[in-house]
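For reference, the chain that follows is the form predicted alone, supplied as structure tokens.
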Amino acid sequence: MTMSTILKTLTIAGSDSSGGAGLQADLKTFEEYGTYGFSALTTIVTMDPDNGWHHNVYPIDAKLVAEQLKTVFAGGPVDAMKTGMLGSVPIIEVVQKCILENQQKNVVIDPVMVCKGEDEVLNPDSADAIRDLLLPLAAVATPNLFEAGVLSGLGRLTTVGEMKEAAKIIHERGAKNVVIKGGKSLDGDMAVDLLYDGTEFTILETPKIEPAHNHGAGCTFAAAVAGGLANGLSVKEAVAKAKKFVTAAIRSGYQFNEYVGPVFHAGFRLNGE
């Protein structure tokens, strides 16, 4: 393989030292998709086992994020990229500027607003900035139920019908394609995700897995979509493969401690799926 044929992917995200989510999950996923992963660190997240696994979030200075991105794009645009936890409005502005200046395509916006296990928006101003500055640049936006409720203004989503309404609003706000990750959060026996391309809805569902070792599933899904786009898949194909990839990763996950069970990113490959 020559340098000209190597597929390049980028994650702009926070660090999860437990390895299941964040930048670490993205890079593992990129590798599984046969792509060369670049990264720009935006935030450091720690979890305190002496305080119920409470999350502490430490954003990086936006200027340092910009310097990292300057390094990454010294080789030109990548084949696909994704965002994760961005941490502050200035960081979001840096990311927007970078995407526009480099005319970056295949942009997957994963609008991370909370840490798993928590239910308050980390920074409401950042949520607004993601909506206004990044959604219009998204080839695919991949909010979970909570994030889709915030971005659409509809609040808590509990049914597929409500997911469809939220997807329409998020599409109207600029995202070309919207995947709302219902996952295991909806009632019933199926893990349900919804894709909307502005014209039609596609339901993706698989039986729920118990025990659900799903820490990092959202980050991994968005990274898998980016990996699929980098490999030339259509959005619909990339989303469908990402669903299978994450399902295998959850099925292969393990219990890290009493608080969290991460997905295992090699599950799809190792189980021949």
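All residue numbers refer to positions in the sequence shown, first residue = 1. As the structure is a prediction and not an experimental result, all values here were calculated from the model.
There is also a form predicted in complex with a small molecule; it is not shown, and the following applies to it.
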Choose from 212-220, 28-36, 225-233, 62-70 the stretch whose residues reach within 4.5 Å of the small molecule in the predicted complex, heavy atoms counted.
212-220
Report whether the minimum heavy atom distance between V112 and the small molecule in the predicted complex is within 4.5 Å.
yes
Contact label in the predicted complex: M47 to the small molecule, heavy atom within 4.5 Å:
yes
Can you check whether S252 is within 4.5 Å of the small molecule in the predicted complex, heavy atom basis?
no
Answer for K244 alone: is it within 4.5 Å of the small molecule in the predicted complex, judged on heavy atom distances?
no
Ok, M85, I91, I170, V78: which has a heavy atom sitting within 4.5 Å of the small molecule in the predicted complex?
M85
For this chain shown on its own, do G14, G22 and H55 all sit within 4.5 Å of the small molecule in the predicted complex, going by heavy atoms?
yes
